[in-house]
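First comes one chain, alone, set out as structure tokens in the form predicted alone.
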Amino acid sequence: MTTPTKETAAVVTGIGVVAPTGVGTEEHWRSVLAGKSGIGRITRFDPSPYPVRLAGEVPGFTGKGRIPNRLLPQTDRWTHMALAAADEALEDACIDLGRLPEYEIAVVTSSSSGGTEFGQQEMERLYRNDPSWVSAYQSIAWFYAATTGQISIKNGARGPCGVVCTEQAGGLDAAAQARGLLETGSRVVLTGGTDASLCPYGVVAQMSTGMLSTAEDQGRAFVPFDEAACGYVPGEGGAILVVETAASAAERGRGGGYGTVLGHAAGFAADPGASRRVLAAVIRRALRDAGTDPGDVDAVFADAMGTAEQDRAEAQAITDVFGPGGVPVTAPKTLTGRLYGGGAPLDMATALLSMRDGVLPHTVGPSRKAAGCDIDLVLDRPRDTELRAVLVLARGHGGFTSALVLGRPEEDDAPVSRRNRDEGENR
């Protein structure tokens, strides 16, 4: 990978969100600041026969009216969500891809489950009937790269395309790949990711990790870093981001956008007992890649696995780098559940909005920190604070480990805060 220059720095100029906390970036952001949870009893199927009965669903979401009609029967719900989020991100970035060289537009997304719901539907048709009932689109709709392909086709992107499958860590790894593509000739990259596997087949597959919460109290089912941590709640959705070179953003009058991808590092902890050591090393490498010191980081968006062992490992890794209580830590994902391939992109989006508005959202749910978690976990209410650089952490099942540093744009390049703008318009 080449070293980014001032011209090729990766600037985020557009955000699109489809999440349990809202369809649309600002609806999501308002829910996060209000501590409004999107977790509830599963409604997409009858969860009664299963031990996991809570999830973060995107209420009322349908691709109808949001994506081309012909794609509805050809693609999975996970792809519908990504296409809708991509449209919002492009509109937010005020970018007309049709005016750009098509081979300079790239797409890199993350995926964990692929088209699970579509796959279940077609397997049911096979077992209840015969192979002639299985849709020809099964061959592509389940495929991990389907979302990348559909976003590319719909938007005329003929540059490099790819998908990263490192579970919850994938979103950060995809953003890092986007940054690399901008350094090697691409001008704009659509990145991020979604996942949607809230069907019996998908949930049963996830249960094999042994880390899903079986609690039925919506307020206490996902409480990372708490002494009562009992696993995590699954969710669906995610975010798509428009990332472009600083030169492209400046040429279009978008300045520093929401912020810049400053640094990234990844590692792998095959042995869960090595999670603390690997994560601490990954954080240090990400900071070094960003050219920052621990003292330059104003907040950490935690991975927040929700299990005692992995929470303690993450808290201790953060403490190893920043010192006990050395940096505010938050985990807004307690409002959505873990979104797998969509989780880290949503955390990136939320972190960028936090820097934009100078407010760090709180972690809803935990009330008594577990022993060994000596971190400054932001609780009870959002914390107003200047955020110049934010660290986002993500770990995927099996040992994938990733860290990414985001930087706030310079004051003269900062976008107008929508919260402040709306407040001004309402005066």
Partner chain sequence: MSGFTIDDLRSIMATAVEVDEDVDLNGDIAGTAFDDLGYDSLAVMEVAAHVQRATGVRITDEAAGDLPTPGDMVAYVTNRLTAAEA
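Residue numbers count along the first chain shown, from 1. The model shown is predicted, which means the values in this text are computed figures rather than measured ones.
Below, we refer to the form predicted together with the partner chain, which is not included among the displayed structures.
Student: Considering non-hydrogen atoms and a 4.5 Å limit, does the partner chain approach residue 41 in the predicted complex?
Tutor: Outside the cut-off, so no.
Student: Heavy atom to heavy atom, is residue 140 within 4.5 Å of the partner chain in the predicted complex?
Tutor: Contact check for residue 140: yes, within 4.5 Å of the partner chain in the predicted complex.
Student: Decide whether residue 135 counts as a contact residue for the partner chain in the predicted complex under a heavy atom distance cut-off of 4.5 Å.
Tutor: Answer yes; at least one heavy atom of residue 135 falls within 4.5 Å of the partner chain in the predicted complex.
Student: Does at least one non-hydrogen atom of residue 125 fall within 4.5 angstroms of the partner chain in the predicted complex?
Tutor: Yes, residue 125 is a contact residue.
Student: Looking at 67 to 75, 305 to 313, 83 to 91, 346 to 354, which lies within 4.5 angstroms of the partner chain in the predicted complex, counting heavy atoms?
Tutor: Only one stretch qualifies here: 67 to 75.
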